[in-house]
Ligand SMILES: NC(=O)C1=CN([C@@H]2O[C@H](COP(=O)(O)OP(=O)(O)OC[C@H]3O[C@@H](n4cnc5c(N)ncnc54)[C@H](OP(=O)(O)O)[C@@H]3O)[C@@H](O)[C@H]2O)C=CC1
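Starting off, we have a lone chain in the form predicted alone, written out as structure tokens.
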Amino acid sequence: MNDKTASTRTSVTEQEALDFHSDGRPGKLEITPTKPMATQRDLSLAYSPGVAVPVLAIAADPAKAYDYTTRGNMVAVISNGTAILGLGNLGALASKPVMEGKSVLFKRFADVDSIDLEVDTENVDEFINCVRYLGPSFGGINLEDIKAPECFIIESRLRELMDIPVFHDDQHGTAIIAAAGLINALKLTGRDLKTTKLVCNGAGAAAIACIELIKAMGFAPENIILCDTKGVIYQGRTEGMNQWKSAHAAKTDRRSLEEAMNGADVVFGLSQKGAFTEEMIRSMAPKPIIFAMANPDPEITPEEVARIRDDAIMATGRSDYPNQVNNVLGFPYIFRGALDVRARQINDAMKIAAAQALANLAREAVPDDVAAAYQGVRPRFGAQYIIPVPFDPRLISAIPMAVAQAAMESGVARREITDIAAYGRELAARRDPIAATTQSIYDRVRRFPKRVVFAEAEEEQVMRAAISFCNQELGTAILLGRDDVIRATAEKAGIDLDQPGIEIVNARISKRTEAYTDHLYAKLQRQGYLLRDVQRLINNDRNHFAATMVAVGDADAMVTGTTRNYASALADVRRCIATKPGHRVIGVSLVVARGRTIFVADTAVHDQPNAEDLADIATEAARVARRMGYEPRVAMLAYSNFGQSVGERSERVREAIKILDSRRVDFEYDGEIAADVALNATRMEQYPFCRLSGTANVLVMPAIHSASIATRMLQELGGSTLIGPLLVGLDKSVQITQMGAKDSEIVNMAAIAAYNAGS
């Protein structure tokens, strides 16, 4: 029911989780300056004496803090660790990994800066007094993992004491996403909010918040029955009661959950696994709406419901079922909207606006970069799609816009946004589509798992990558190598290979060796290879065996490169797999730096491309960019700008432009152009005749050495992430990692290979 969803099928091992949090710099956050700090003058402006000027300005007008400091984009994630995930009260310090994770989600999804604060007290008054004085530092407070009923008291009092939004996500985040799903489920079943009968099982923080929100939306209080472990919460009950339960006590003669659910239209489950029986579900009204949101296991599974009735609409907290009630759909974007109008609080109007915006989004046609996760099966509004998916890029504009508008209309905004459409465009520009694309790749592969050959499976990191590939339900991992060596290495490393999805293939004893030899010999016999040469390739070289395995359809994709250089691995693969008709084999690297993603080509194949090669590389790279959700703007790079200075290599670039002109391609391109002009809008303005409508996002390098030097230098200097080179243009799906790649890098390349196998 929130962003901390877990599956009973473990997707990561304990060691993988520990390694993730400890590798490199421990933890998941760092502080990075947003202003230059290179010279003495920079330091004088950043600190003394220059800093005195904004200090005096803020002292004169406190609102200026939003202009001169980080306050307007900074949220504190605060917990005392009394209700960590599903693990219980483990203390403030133990909650820090979760709170850091929450901060990462704020940044990833809504570009909200966040810092985690762990308060080491279970005393309500001490906690409140600690947090209340932090207001000047932050634009909002996100409370997290605080047990009930203390969480109600803490949030209520802090809302009264502070003039910035205070939001307990475990309550309201779940309520908002569930309300969005309910709006759409009611629409699909033809029900009216005021006459629908709802039962909520569970009376903790999230359940109470759900009931309060749907009542604020117009749900009739007399049509809601709240239950806890002791049964129906009814007027006059005294056992196990508190003021929050009493506020929702029903006037009814029903006493048990089973009685309450008889004839109910909707049931919300925020309780525990197995709480809903088949008899309870069978007793519900026609077209029942069942939100089984307990984690990690729902009150009843969709499979169990499907066995007894075919007219139900279901949502769960699980990512492996449709309609996941996931808090990450809400809190980053709600705070984004609240911060942007400098809201004093997050009120019911803003919560309802967020729920309605989510519901509306699910009814809209799904864009290509979301549909990509479904491999051609574009989700449509209906019983299996009433809640958007977390990586829908439209969330960043749709939800904050609605929240900001509601804040302004309800009078809690301190800043007016006069052009709401322009605000929406600004929000969309904050999105980081590479991370969304990566997740979309994983999501699609999970829906359509593939058989991927790991060609260097005797290496420990390759085995770990294969295990991770299977644990993440991406498909079958075929480990290619000597069985005894693989198992000995695995045993020494503590890797368990005896699990579903892992296959070991030894080329020397495979029954398919003869078939692979015949296939490859037919391809190479007129290229100087004798039969015995091909036999040696198949028997002795795993790249040739693996690539031929993919070529004949015994596997969907392969990943290699960990133990040999890229060029050698590529040469092996190309002997076995042809170029896709109408394509050019190239390497495309993705450079991600400060929210910008640039495709760089060719980084793997063509040493000194001629004009025809450059035109083909540009076309292939543009296809890759478009497939990953970008509208390509291609810059054909040189050391000169449009004829200044003249040189032989620049002439090749100019000729490539003429070739593209003759082909009438469907993407923007121009050149010859230097990298600084291609990437800098101000410098590009000096050339008003430039065809590009904005800075380039695809850079075609004049030679492979310049591509390799540029990308590797950026990677080593820091502040940027290099993905790839991604190998494109082959008739079958292959990815080649860099030598010595880590297991996480191998998994990513294997996932990309599996993803491309479906295209």
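The numbering used is simple: start at 1 and walk along the sequence shown. Every value quoted in this text rests on a predicted model; they were computed, and no experiment measured them. The term rigid core refers to the maximal set of C-alpha atoms that superpose within 1.5 Å between the two forms.
This protein has a second form, the form predicted in complex with this ligand, left out of what is shown; the following refers to that one.
Placing this ligand onto this chain by superimposing the site C-alphas, using its pose in the predicted complex, gives at least 3 ligand atoms within 2.4 angstroms of backbone or C-beta atoms, which makes the site blocked. Annotated contact segment (heavy atom within 4.5 Å of this ligand in the predicted complex): 287-295, selected among 439-447, 287-295, 413-421, 458-466.
In the predicted complex, A490 stays away from this ligand, with no heavy atom inside 4.5 Å. In the predicted complex, T174 approaches this ligand with a heavy atom inside 4.5 Å.
Looking at N80, you'd find every heavy atom of it more than 4.5 angstroms from this ligand in the predicted complex. This ligand in the predicted complex comes within 4.5 Å of no heavy atom belonging to P609. None of L427, A203, I346, A353 but one reaches within 4.5 angstroms of this ligand in the predicted complex through a heavy atom, and that residue is A203. A heavy atom within 4.5 Å of this ligand in the predicted complex is found for exactly one of N543, N327, S589, N323: N327. Residues of 250-274 placing a heavy atom within 4.5 Å of this ligand in the predicted complex, in sequence order: L270, S271, Q272. After superposing the rigid core, the C-alpha of E456 moves by less than 2 Å between this form and the one not shown. Core-superposed comparison between this form and the one not shown: the CA of N80 stays below a 2 Å shift. Once both forms are overlaid on the rigid core, the distance between the two CA positions of S137 between this form and the one not shown is under 2 angstroms.
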